[in-house]
Each structure stands twice: as structure tokens, then as C-alpha cells.
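First comes one chain, alone, set out as C-alpha cells in the form predicted alone.
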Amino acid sequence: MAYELFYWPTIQGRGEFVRLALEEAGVPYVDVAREPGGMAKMIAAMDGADHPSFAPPFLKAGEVMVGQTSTILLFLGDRHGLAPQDEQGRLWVQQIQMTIADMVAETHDTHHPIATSLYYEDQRPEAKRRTADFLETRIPKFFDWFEGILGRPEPKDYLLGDRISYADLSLFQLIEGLRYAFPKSLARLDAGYPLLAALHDRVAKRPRIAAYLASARRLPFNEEGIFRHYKELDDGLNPGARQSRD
């Protein structure tokens, strides 16, 4: 049985976190909306399902339909060895994944701080102010937490130790996206987070992930997805920035 992944056909977006898990697991899947007639099939699946998804991505596995990125990854992690089997371990990986999802949402809000219904050009001043705070306070706050997990009680290869999880794949994608969106700022930040940088490189070199990244299945970043590069927003970091408490 091939999984059916339903997501927008021209962007990486939130669907990319699911694609990376499917690729690492080495299981067959169909990226439905990228197939002929796929967009119509995706809309029909959203409108007609017994358990309708609010928005893509969602995944069909036989008769099972699962929506929301983190829930899909929880489902795939259990099925394909990308999460621990014990309850505490499963919950811990999902906790990390939900924290990554929080950061993804905050990244999106740098270029759409007022409303998603407005174009970026309609909210540039607000985007610049929001991005400055994101670069100065929010990225370090999240990165400190991730780096701490990788470093306790001693440096390890992956978030759980020597075994990869779906959260490691998602953390790789988060770093990739941030480097695309804010190359100037991330160049300054990367040096302060060697364990995060090493995890990113380690994931990128995994055979199935490396093959995927080099293939046509891996869509390029663009200015329609979550991670967008607007030069005027990437002005670097203020070394005297305060930390937020959220």
C-alpha cells in the first residue's frame, strides 16, 4: 500500500516535514496534488471525508485519514520506527515536534504579522518590526532549548541519542528553512550552536535523505511558502537583544 499525501503542489511548506519522514522510512507514497488531476482530488478529499482536515497536509493510509503535521508524524513514527515505543519516549518526541511547530508558525508570522489574507507588500513595516524581534529574541530562545537537549547529559548525535526520530528530520528542515529565509542572520547564529549544525549535516548525509534532496521530488524554497527570503528583513542581529519569557 502506498500512502497518499495531500499538500499544495508548488511549495515545501508544512507538507515537507511529512515528506522527509516518508523518505527516511523508505515507504512508497504518492504526492497527490502533484499528479494529473491531483488538486481536484485533494479538494474532494477535504470536502467529503468523514474526518475532514481543516487544511493540508493530510495523509491517507488505506481507510485511515490523518491531518495536522505533528499528528501525521506521530502516526508515521509509530509505524516506521521513527519514535520510541515506550509512552514517555513517544510523548517526548511529540513534545519536541510541537515546539518545532511553534517555531515554524512564528517564522511564518515574520512575513505575515497582521493577516494571511494580506500580501506581504501590504504589511512590510510590521513585518520588519516582527522579524527583528524574531531574530533577536525568539530564534536564540528556541535554539538554546534544542541545543540543550542535544548536549545533555553529554553531546549526542540525535535528539534521542544514537537513533533518529521524526523530530530530528523536522529540526533539519527548520534549520534549512531559516538558513534560506535569513542567511545573513543564521550565518552569525550557527557558530553558537555547534550541536544543532552537526545534527543538520548528519541528517542531510543520511542515504535516503541525501537521495531525496538531490531529486526532483524536493521542491526548491520560494516566496510562496513558510520560509521566504526578503532581503530587507535579513538585517542581522542586535547583540544586545533581550530574551522573551514566552
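Computed from a prediction, not measured in an experiment: that's the story for all the values here. Residues carry their position along the shown sequence, with the first being 1.
The form predicted in complex with a further copy of the same chain exists for this protein as well; it is not shown, and the discussion that follows is about that form.
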query	finding
Interface membership of Gln85, a further copy of the same chain in the predicted complex, 4.5 Å heavy atom rule	no
Gly38, heavy atom within 4.5 angstroms of a further copy of the same chain in the predicted complex	no
4.5 Å heavy atom contact, Tyr158 and a further copy of the same chain in the predicted complex	no
Contact flag, Glu176 vs a further copy of the same chain in the predicted complex, heavy atom cut 4.5 Å	no
Segment that reaches a further copy of the same chain in the predicted complex - one of 56 to 64, 188 to 196, 209 to 217, 26 to 34, heavy atoms within 4.5 Å	56 to 64
Contacts with a further copy of the same chain in the predicted complex, stretch 12 to 38 (heavy atom within 4.5 Å)	none
